[in-house]
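Take a look at this single chain, the form predicted on its own, given in structure tokens.
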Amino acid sequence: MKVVSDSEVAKVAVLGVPDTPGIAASLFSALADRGVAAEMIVQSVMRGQVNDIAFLVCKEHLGEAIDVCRRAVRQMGAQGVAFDAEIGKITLEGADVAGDPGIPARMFSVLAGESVNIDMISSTEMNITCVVSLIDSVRAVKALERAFP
């Protein structure tokens, strides 16, 4: 297993997005038109017919992302935009991440043992990525490197 971290990302969340077809396409098309790449996109159903959409961008593109999202909020009738530039993205990479059901539990237990709160989680068959506060990221990486040598 390998632990990789990235502190050059920021989280953007568009809050209270109407749950209708085409909203995500419109939002991410507008970001693409400004050259803003998004990763770790998470949509969650919060209440009724309203969702939140959160994603990561490079810190250097945060201002543009916020501008695009604020414009999109007005156009789609969403509730607002939140952002956080004080985050770190930590990824546990390995060939058997998806095949071993104990790996996510162990990763999250290690982080909990260090009192590291997880803000976002994403996984593929090859990795698990967590977003944590920047102040906790160095401690989290060290703990994961000890747990997954």
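Please read all numbers here as calculations on a predicted model, not as lab measurements. Start at 1 and count along the sequence shown; that's the residue number.
What follows is about the form predicted in complex with another copy of the chain, which we do not show.
*Find out whether any non-hydrogen atom of residue 104 is located within 4.5 angstroms of another copy of the chain in the predicted bound form, and reply yes or no.*
Looking in the predicted bound form, residue contacts with another copy of the chain include residue 104, since a heavy atom lies within 4.5 Å.
*asked:* Taking another copy of the chain as it sits in the predicted bound form, is residue 10 near enough to touch it, meaning that at least one heavy atom pair lies within 4.5 angstroms?
replied: Judged by the heavy-atom cut-off of 4.5 Å, residue 10 is well away from another copy of the chain in the predicted bound form.
*With a 4.5 Å heavy atom cut-off, would you call residue 92 a contact of another copy of the chain in the predicted bound form?*
It does not: once another copy of the chain is placed as it appears in the predicted bound form, residue 92 has no heavy atom within 4.5 Å of it.
*asked:* Even though the partner isn't displayed, in the predicted bound form is residue 85 close enough to another copy of the chain, meaning a heavy atom within 4.5 Å?
replied: No, no contact at 4.5 Å.
_Heavy atom within 4.5 Å of another copy of the chain in the predicted bound form: which residues of 10 to 42 meet that condition, in order?_
The stretch touches the partner through 11, 13, 15, 16, 19, 20, 21, 22, 24, 25, 28, 29, 32, 35, 36, 37, 38, 39, 40, 41, 42.
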